[in-house]
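Have a look below at one chain only, the form predicted alone, in structure tokens format.
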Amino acid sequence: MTMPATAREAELIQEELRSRLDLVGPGERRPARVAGVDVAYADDRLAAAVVILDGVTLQVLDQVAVPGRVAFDYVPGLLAFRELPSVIQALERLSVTPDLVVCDGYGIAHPRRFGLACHLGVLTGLPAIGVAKTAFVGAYDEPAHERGAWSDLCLDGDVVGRVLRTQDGVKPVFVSVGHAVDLDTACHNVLALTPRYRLPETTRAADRLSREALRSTSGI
């Protein structure tokens, strides 16, 4: 992974890599192995976690956590340069290859249409989507209150994602395509990964593992 020296260099890398995106997919609607990715922070330390779940039973098949140091300053829209070096290390240490990667973040719902899920997908060749807790860019109407309801997330006249209700009466999540998956398939899989809670089980599992790994390396 090419690491930039400045924010402008990082933006230029995003613009160059964006041409390699596959936004057509459609991707698998019943992936056998689904990976969740998350990163926990404490000062200049981080722990990246990847957890692979069975796509049907949602049982853990494999998991890896990689501790590291923050290598790039926090700049909105450039999160991939902070997280991906350790995330890719974790992916490389897995014993099985995921059919889909679910990132706690954004795909094309991003100022330059190249968020974390896009970057990860292009660099690894893996199908990837972003599922975020809040909207980073764009405008939308609130979806209906029942599970499965959705509305378009729009930026500059283009649909860049969906605002998807995963549980009745609970805040929606923001789904966007990353690489090699279309938006219908992405939302279908997000609903399959949220049988009980708002966030995908992949994200919940990776969040727990990243926090545990960070605590273990800090001696807390």
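Throughout, we count residues from 1 along the sequence that is shown. Quick caveat, the model's predicted, so the values are computed rather than measured.
Below, we turn to the form predicted in complex with the DNA, even though it does not appear here.
- Checked against the DNA in the predicted complex, the candidates A135, L94, I88, V122 yield a single residue with a heavy atom inside 4.5 Å, and that residue is A135.
- A40 is the sole member of L61, A40, L164, V66 with a non-hydrogen atom within 4.5 Å of the DNA in the predicted complex.
- Although the partner is absent here, L126 lies well away from the DNA in the predicted complex, with no heavy atom inside 4.5 Å.
- Of the heavy atoms in R82, some are within 4.5 Å of the DNA in the predicted complex.
- The DNA in the predicted complex is not approached by R20, whose heavy atoms all lie more than 4.5 angstroms from it.
- Under a 4.5 angstroms non-hydrogen atom cutoff, the DNA in the predicted complex lacks R208 among its neighbouring residues.
- For the partner-free chain shown, D104, G105, Y106, H110, G115, L116 of 86-122 come within 4.5 angstroms of the DNA in the predicted complex, judged by any non-hydrogen atom.
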